[in-house]
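As structure tokens, one chain now follows by itself in the form predicted alone.
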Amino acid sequence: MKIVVIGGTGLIGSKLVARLKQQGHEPVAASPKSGVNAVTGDGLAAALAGADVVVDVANAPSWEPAAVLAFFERSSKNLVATEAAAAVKHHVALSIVGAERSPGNTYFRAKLAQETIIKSSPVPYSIVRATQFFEFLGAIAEMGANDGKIVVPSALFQPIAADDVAARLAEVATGKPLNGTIDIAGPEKAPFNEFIARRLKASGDTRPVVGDPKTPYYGSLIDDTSLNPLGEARLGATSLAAWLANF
């Protein structure tokens, strides 16, 4: 099966391409590095020719509000139009759990716009919504750096390993289109600050971590329901302890 992975050289994309190859499929890592630009459309028709499935895991290069919205709208419109012309049978997109519950988060709003375009396309689709990745905990911590300490939200958090995200995407991409959305999350739920503290401790960072319910996450105040699945979700197999052991 030919599966084109848009954003195939990034964190999730590279793991997904490797996994699909191991499973005997024909993955194509498509990105600007390989001459495929979904935003401009350059190289897209050639990359999608003969493809059975397209998996979009591309990330916006800029999170400035207008830029991130333009990225996901333009790339998604180009993708679904090119897929329809190429008779692609299944479009899979990676999105974010709880995107609709943080209206102040401009990145989340852009992902919702992407989802809307996908759902209105004639191409059968599956949307996989994931919680935040373990791999981003360090960067999230630095956003809260303040006078020798780290201040982050105290709301419940359920992050997931990138390997588990790739595994679930591979399963969905090689199955029948859901024409719907599924949520995936890590196996553990705990206050945001606890995950950050464990990540910093593992890297030898001694800065204290403070959980503050009034500290926003990317522009939005969050509570225990903001970033976590509210209904049924597929859980990853990798605990934070296991991930940190190989960090």
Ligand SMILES: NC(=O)c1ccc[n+]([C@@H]2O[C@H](COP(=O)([O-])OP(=O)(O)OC[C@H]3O[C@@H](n4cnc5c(N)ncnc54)[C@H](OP(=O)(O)O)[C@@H]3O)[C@@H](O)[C@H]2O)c1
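Just so you know, these numbers come straight off a predicted model, no measurement behind them. So that there is no doubt, residue numbering starts at 1 and follows the sequence shown.
Although not depicted, the form predicted in complex with this ligand is the subject of the following passage.
Residues of just one listed stretch (92-100, 148-156, 119-127, 173-181) have heavy atoms within 4.5 Å of this ligand in the model of the complex: 92-100. Contact between residue 23 and this ligand in the model of the complex is not found at the 4.5 Å heavy atom cutoff. In the model of the complex, at least one heavy atom of residue 37 sits within 4.5 Å of this ligand.
This ligand is not shown here, and in the model of the complex it never comes within 4.5 Å of any heavy atom of residue 4. In the model of the complex, residue 239 stays away from this ligand, with no heavy atom inside 4.5 Å. At a distance of at most 4.5 angstroms from this ligand in the model of the complex, all three residues 33, 111 and 132 contribute at least one non-hydrogen atom. The listed set 196, 47, 53, 57 contains one residue whose heavy atoms approach this ligand in the model of the complex to within 4.5 Å, identified as 57.
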